[in-house]
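Presented as structure tokens, the chain that follows is alone, the form predicted alone.
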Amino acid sequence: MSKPINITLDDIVARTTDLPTFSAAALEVMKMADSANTRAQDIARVVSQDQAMSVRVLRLANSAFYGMSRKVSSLPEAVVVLGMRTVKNLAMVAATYPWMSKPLKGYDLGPMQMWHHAFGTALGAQMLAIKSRKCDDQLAFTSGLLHDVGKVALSLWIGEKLKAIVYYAEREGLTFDEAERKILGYDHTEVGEHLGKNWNLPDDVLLGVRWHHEPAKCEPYHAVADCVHLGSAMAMSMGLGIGGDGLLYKFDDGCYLRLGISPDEMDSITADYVESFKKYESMFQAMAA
């Protein structure tokens, strides 16, 4: 089958006019929050360089989810009260929400659908990382949040070709990402990895982005790919962000063994996950304000 889109990965980054950008302040916070020498004031100083992100972080800190007894009025106070690792997550959320909440016509995702799936995956991946102790939970959260970023870029080029890709996948017995590779020459995970490299995202974050559909192929192996794979499946099971590609993906049940999680433990994690996601609704409202 000939390629309907004659465009390289470099072209997508160079020629896509509405490509999402990743805040330099968010990247700096990502690095600083993992350093033992970073102070609350340092994190607050960097976040304050991005006015839009500053406003959102304060909104999130004051959302009903955190249930503060008093209003958090400054960024340094937010870092002290919530902790640097939590503020790091809030910075990632604040940086990605503006473009992840938009509809993705190429993948048949309406407003907020991409966002709900991304956040749901991040939450699930983080919970799995904590339970398994196989990778850092903040890494799992960030990688889960960004795992489908390639769709944001590729959506603009797929256009009306989604149905053709779905039809081809179903006819040939392929997964959606396999059909993307056959037709386009690459899939949304490769686009996401390429975009992340242009943003200078950490390599371990990009492992979850690139291999979240095929975690067993992650070389060198990293548990973040398994955490994001399972986190995405958990989000899908709640109906979060099921677009035109639907459920045309393979599930790798080897994740359980590699993460050391039993079926009973997975049932318990899933129950906690559903309850936790519902509690985050107040945070979503704060971001949309």
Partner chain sequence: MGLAEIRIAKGPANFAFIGLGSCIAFVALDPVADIAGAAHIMLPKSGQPVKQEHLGKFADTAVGELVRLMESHGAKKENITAAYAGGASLAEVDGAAAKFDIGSRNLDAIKAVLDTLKIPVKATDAGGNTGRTLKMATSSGDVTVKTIKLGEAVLCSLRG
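Positions refer to the first chain, counted from 1. Between two forms, the rigid core is the largest collection of C-alphas that superpose within 1.5 Å. On a predicted model such as this, the values are computed, not experimentally measured, just so you know.
In what follows, reference is made to the form predicted together with its partner chain, a form of this protein that is not presented.
Novice: Although the partner isn't part of this model, could you tell me whether Ala44 comes within 4.5 Å of its partner chain in the predicted bound form, counting any heavy atom of the residue?
Specialist: Taking the distances in the predicted bound form, the answer for Ala44 is no, it never comes within 4.5 Å of its partner chain.
Novice: Considering only heavy atoms, tell me if Glu172 and its partner chain come within 4.5 Å of each other in the predicted bound form.
Specialist: Answer no; every heavy atom of Glu172 is more than 4.5 Å from its partner chain in the predicted bound form.
Novice: Mark Arg39 yes when one of its heavy atoms lies within 4.5 Å of a heavy atom of its partner chain in the predicted bound form, and no otherwise.
Specialist: Contact with its partner chain, no.
Novice: Whether Thr270 contacts its partner chain in the predicted bound form should be assessed with a 4.5 Å heavy atom distance threshold; does it?
Specialist: Yes.
Novice: Can you work out which of Ala26, Met32, Leu240, Leu259 has a heavy atom no more than 4.5 Å from its partner chain in the predicted bound form?
Specialist: So the residue touching its partner chain in the predicted bound form, by this definition, is Leu240.
Novice: Partner absent here, but in the predicted bound form, which of 215 to 223, 131 to 139, 183 to 191, 158 to 166 has residues with a heavy atom within 4.5 Å of its partner chain?
Specialist: Going by heavy atoms within 4.5 Å, the stretch is 158 to 166.
Novice: Since the partner is left out here, which residues of 249 to 266 would have a heavy atom within 4.5 Å of its partner chain in the predicted bound form?
Specialist: Tyr249, Lys250, Phe251, Asp253, Tyr256, Pro263, Asp264, Met266, in sequence order.
Novice: Any chance the CA of Ala25 moves 2 angstroms or more between the shown form and the other one, core superposed?
Specialist: The answer is no, as the C-alpha of Ala25 shifts between the shown form and the other one by less than 2 Å after core alignment.
Novice: Align on the rigid core first; then say whether the Cα of Ser276 has moved by at least 2 Å between the shown form and the other one.
Specialist: Where the cores coincide, Ser276 shows only a C-alpha shift between the shown form and the other one that is less than 2 Å.
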